[in-house]
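Below you will find one chain, with nothing else, as structure tokens; this is the form predicted on its own, and questions on how it binds or moves follow later.
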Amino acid sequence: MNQTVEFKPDLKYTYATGRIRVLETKLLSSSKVEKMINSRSISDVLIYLEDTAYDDTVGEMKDPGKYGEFVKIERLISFDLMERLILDPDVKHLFRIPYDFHNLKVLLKRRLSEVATSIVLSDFGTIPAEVMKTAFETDNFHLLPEFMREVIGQALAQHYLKKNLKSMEFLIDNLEYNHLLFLSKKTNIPFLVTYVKIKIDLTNISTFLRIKYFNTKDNVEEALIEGGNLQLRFFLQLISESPESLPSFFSNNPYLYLIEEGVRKIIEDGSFSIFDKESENYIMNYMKLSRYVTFGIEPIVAYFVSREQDLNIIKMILVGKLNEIPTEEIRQRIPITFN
């Protein structure tokens, strides 16, 4: 982790920071995760979640196979806490907007697909899922904010021009991250701006590697997102390079380790599991920088991101145990925790 960031103390978050410092102690620890991975049964996995931030929900969990409900309940708890502790609406929107874009993408694909498909919408966005669904069913897009109407207009124009759903998805991804970058800069909080730029970089590296390895024939310029620390021209100059040579081009930037480890595994067996894991590790190590903040919004954001990481870890372990995946294989896929 070679990222550096400027912290700006904010006295209005003095109470919230103190509250978060207490809640942090209830996040998963690496030792607890290791015990969960080594557990012989699902019930043992759940036992190790006692005395954590998730013990109340786990106590009401009748069927471990319904881990999706567990994640949904805990995510609701996270967002409720965020609503109460974060005073800046733009910061809260940074973490809700991705769910809006998920819903937009699903509804657009359903409208343009020739095959009738069922849809699963998220209720965690800034706009209720039912409102968004009604807007599409009635063509009353004035129910949605102006920036969403612009996204829909550009996405439809892209599809009618290229007749390619994947091309439309790339455009929507670009518009999503452009909006997130706009919101982060609007907050004037360097920690958040850098976070969004890291997300853009990691998404671009992932997309680029998948296009190269699977030879998808996708247009690289169309697929990549602008606004990250890594410029698009950096990726374009690597198009003709072999996967084996890629790490050498990252020797002077902070993503070298995840590229080295990720590419090694991709070449070895075509798996992106290590790259995805190291990407999550990179973000979590960045979140750990918030420990140096005495009072400010950064620890609250880090706590929210860390809780989401915990939920993903719990889900991965439960899925692994339910499907009788070997312990070592589960362990290799589990990212680090905040504690």
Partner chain sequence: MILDTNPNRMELLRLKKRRVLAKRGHKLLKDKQDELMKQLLELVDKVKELRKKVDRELAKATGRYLFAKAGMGIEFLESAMLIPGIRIELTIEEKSTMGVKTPIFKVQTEGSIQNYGFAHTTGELDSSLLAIERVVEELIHLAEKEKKLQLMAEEIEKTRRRVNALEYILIPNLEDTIKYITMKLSEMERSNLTRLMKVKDIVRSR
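Numbering follows the first chain given and starts at 1. As the structure is a computational prediction, the values presented were derived from the model and not from experiment.
Not pictured, yet referred to below: the form predicted together with its partner chain.
Not displayed here, its partner chain is kept clear of residue 187 by more than 4.5 Å at the level of heavy atoms in the predicted complex.
Its partner chain in the predicted complex comes within 4.5 Å of a heavy atom belonging to residue 173. Not displayed here, its partner chain is kept clear of residue 261 by more than 4.5 Å at the level of heavy atoms in the predicted complex. In the predicted complex, its partner chain lies farther than 4.5 Å from every heavy atom of residue 142. With its partner chain left out of view, the stretch that reaches within 4.5 Å of it through heavy atoms in the predicted complex is, among 248-256, 207-215, 142-150, 233-241, 207-215. The three marked residues, 127, 196 and 285, fail to reach its partner chain in the predicted complex, with no heavy atom of any inside 4.5 Å. Only one of 192, 223, 183, 135 lies close to its partner chain in the predicted complex, with a heavy atom inside 4.5 Å, and it is 223.
Taking 57, 39, 273, 281 one by one, only a single residue has any non-hydrogen atom within 4.5 Å of its partner chain in the predicted complex, and it is 273. Residues of 303-339 that come within 4.5 Å of its partner chain in the predicted complex, judged by any heavy atom, are 312, 315, 316, 319, 320, 323, 325, 330, 333 in sequence order.
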